[in-house]
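A single chain comes next, written as C-alpha cells; it is the form predicted alone.
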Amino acid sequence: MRRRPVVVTGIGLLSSLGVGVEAHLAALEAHAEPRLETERFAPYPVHPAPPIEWDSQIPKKADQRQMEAWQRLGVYAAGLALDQAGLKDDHALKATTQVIVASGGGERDYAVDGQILTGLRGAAEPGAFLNERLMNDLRPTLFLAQLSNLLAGNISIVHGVTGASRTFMGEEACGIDALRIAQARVAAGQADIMLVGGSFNAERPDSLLIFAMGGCLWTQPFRPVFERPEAGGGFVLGSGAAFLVVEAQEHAEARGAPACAELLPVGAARTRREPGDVRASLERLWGDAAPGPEAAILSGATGLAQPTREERDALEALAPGQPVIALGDLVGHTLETVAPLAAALGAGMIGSRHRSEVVATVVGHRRGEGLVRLVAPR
C-alpha cells in the first residue's frame, strides 16, 4: 500500500512562554528564563498560562463561560492552527476534517467537593449521602464539562469542524497515540486532513493534590529537568495547549496550503518500567526512526528520577555531544499535551528555517514512551 507523505500545514501553540509559534521561537533564541508561579500553590510551583485575548478565537462570551479552563486553552490553540492552515473560512473542508484530541479528566467544583466531604463525616449512611449529594448538587452543565470529549465538541461548536472525532485518555501516552494515529490515517489514505492535539490546565488544586500524593512534584528551587534526578526528582506542571493540522501533501498542494514540516511515522511503546526499560525502549524507537546526526532534539522528560536518568543516558549514547532542549525547562510538564506540544514546536522550528530536522522524545511519568520525527517538506 502506498504511504502518502503527511505534512503539517497549521500550528496552534500556547504555553507560559506566550501565544503562537513566534513567541516560543523567540524565547528559544533568547534563552529566556522560565515563567513560574511560585506563590499561588506553594510549595508547588507551576508554569501558568499566558495572558490570552479569548475573544479572538472564541468570540461568544457564552461559549467562553460554559468551558472549563483546559477547554478554553484547547479551543483557542485549535483556532490558531486552523487559521494558519487556511481553514477558518472553508466550511466545506472543515465539514470533512477529522479531529483527534488527547485529554485528561474535567475539572472540579471545589465548593461542592468541600460540602460533600464535610457532610460525609457525620452521615449515618455515607454511601447514600454521597449518591444523593452528587445527584442534587452537581449542575448538569458541570457534569458534562467533565467529559473529556467535550473539548472536541467545543472545537466543533466554536470553529465548525464537524468531521469524525476521537478523544484519547491516558496521560502522556495518549498524546503520543493521538499523533501516531493521525499520521497513520492520513498516510494510509483513510483521511485527507486532520486536526490533532491536546490541552492541559496546571493551575488546578485537584491535579496538584493527585501528583503530590504520588510524590511526583518538584518543590525545591528551580533546577533544569535533567539535573533533578540527583536531587530526588520531580516535575513542575505547566498549562498549555497545542494543535496541528496534518494532511496529505498532495491534498495540501492541491488547495495551495504551504507546509511547515513533514510528520514522519510516530513511534510508540509501553514498557513495564523495570530498571533499564526506558533506555532500551528509547533505543528501539530511535533505531526505527533513524534520525539524522544533525537533528535538533526536544525532550519531554518529566524530571522524575528513574525515567529521566535513563532518558538522559540514552540520548547521550544515541546523539553524543548534541544539545537537548528539555520542554520541562521551558513550559513545564503538560501531561497529555507533551507530544503535541513537542510536535508543534518542532514543526515551527522547521517551518521558520531554524532547523531541517527535529526529533522529540516523550517518556511518560509512569507509562508510555514515544518518538516524533519531523523533517523539512519534500
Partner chain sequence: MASTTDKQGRPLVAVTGMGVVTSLGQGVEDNWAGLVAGRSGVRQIARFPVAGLRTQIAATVDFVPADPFCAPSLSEELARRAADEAVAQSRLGRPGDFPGALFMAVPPVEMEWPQREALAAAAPERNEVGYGALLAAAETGRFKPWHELFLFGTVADRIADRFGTVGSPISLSTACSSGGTAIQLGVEAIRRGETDAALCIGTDGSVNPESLVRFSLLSALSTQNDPPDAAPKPFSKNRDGFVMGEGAAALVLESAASAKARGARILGYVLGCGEKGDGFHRTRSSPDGAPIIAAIRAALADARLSPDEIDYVNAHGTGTPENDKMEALGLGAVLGPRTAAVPVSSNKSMLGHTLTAAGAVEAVASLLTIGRGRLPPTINYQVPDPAIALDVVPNTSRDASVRFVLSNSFGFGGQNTCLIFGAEPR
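This is a predicted model, so every value here is computed, not measured. Numbering follows the first chain given and starts at 1. C-alpha atoms forming the largest set that superposes within 1.5 Å between two forms make up the rigid core.
Just so it is clear, the following notes concern the form predicted in complex with its partner chain, a form of the same protein that is not shown.
Taking the partner from elsewhere, no residue among Glu203, Gln220 and Ser299 has a non-hydrogen atom within 4.5 angstroms of its partner chain in the predicted bound form. Mapping the unseen interface onto this chain, Glu262 falls outside it, with no heavy atom inside 4.5 Å of its partner chain in the predicted bound form. For Gln66, a non-hydrogen atom is located within 4.5 Å of its partner chain in the predicted bound form, even though that partner is not displayed. Interface membership of Ala128, defined by any non-hydrogen atom within 4.5 Å of its partner chain in the predicted bound form, is confirmed. The closest heavy atom approach of Gly153 to its partner chain in the predicted bound form falls within 4.5 Å. Checking Pro275, Gly122, Gly114, Pro293 for any heavy atom within 4.5 Å of its partner chain in the predicted bound form turns up a single hit: Gly114. Residue Ala164 is the only one of Ala280, Ala231, Ala164, Ala289 with a heavy atom lying within 4.5 Å of its partner chain in the predicted bound form.
None of 264 to 272, 281 to 289, 78 to 86, 240 to 248 except one has non-hydrogen atoms within 4.5 angstroms of its partner chain in the predicted bound form; the exception is 264 to 272. Residues are counted as partner-facing when one of their heavy atoms sits within 4.5 Å of its partner chain in the predicted bound form; in 348 to 370 these are His365, Arg366, Arg367, in sequence order. The Cα shift for Leu120 between the shown form and the other one, taken after rigid core superposition, is 2 angstroms or larger.
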